[in-house]
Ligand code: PXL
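Single chain ahead, written as structure tokens, the form predicted on its own.
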């Protein structure tokens, strides 16, 4: 059985970060080791949430694993709350990277043309450095614009996306994938570029007029799980895009109308079936 280490925060209530990554990747048949960067009572769309930073626990946990000679087939990072934690991840990559595993970075920090409130351009710089250490990165267009210095556009053509992918690959990652890419009316999906193969990949779904917290985490977690189950990165992106879109559709049909996350628990059996 393959083993992945995923490093992100844990929101006790909210269906995002580790509360998505752990059940989804585990259900896909991959041992999922977690390293929480912080514990929150809920995710940040709730009011008055509590938060406890766990930066001081990362190095002791890492040292214990090193003493036990723990190995990982992949390392997957999501939301990292501070520049200090990004520096800690660089060290973790150095300690646990091998010639046989891969590093997958989702540089969570921005959307809709703006940085999240807790972050500034120094954080962008640090996150850009982290992406340079990765094998695969999956920023959205906003995050990629900040990291490459390109103008953020809500209306664009394929040439703009290809230029952005080229600049992302110049940072150092072998494979760069942009999420939330719309190349025709009513469609959205991903476009990626493999620098070594000089190969582009595009996959589009019908756009769903809904937005839920945690869908980026669902996409990334599904990608990592699928790759560890032997799928190519292109097939993994397709599986993840389809699964995320389907889960949003299922959530929209829920009469309880959940607002803080998607009903991924209801669609996991279909995800498992897609791996056949």
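Positions refer to the first chain, counted from 1. Here the structure is a predicted model, which is why all the values come from computation and not from measurement.
Quick note: we don't show the form predicted together with the named molecule, though the next part is all about it.
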Hey, with the named molecule in the model of the complex, do 6, 97 and 224 all fall inside the 4.5 Å heavy atom range? no
Contact segment among 39 to 47, 62 to 70, 233 to 241, 22 to 30, judged by heavy atoms lying within 4.5 Å of the named molecule in the model of the complex: 39 to 47
Hey, in the model of the complex, is residue 131 touching the named molecule, heavy atoms inside 4.5 Å? no
Indicate whether the named molecule has at least one heavy atom within 4.5 Å of a heavy atom of residue 108 in the model of the complex. yes
Wondering, does residue 246 line up within 4.5 Å of the named molecule in the model of the complex on heavy atoms? no
Taking heavy atoms only, is residue 102 within 4.5 angstroms of the named molecule in the model of the complex? no
Given that the named molecule is left out here, which of 79, 123, 193, 203 has a heavy atom within 4.5 Å of it in the model of the complex? 79
Out of 116 to 132, which residues reach within 4.5 Å of the named molecule in the model of the complex, heavy atoms considered? 116
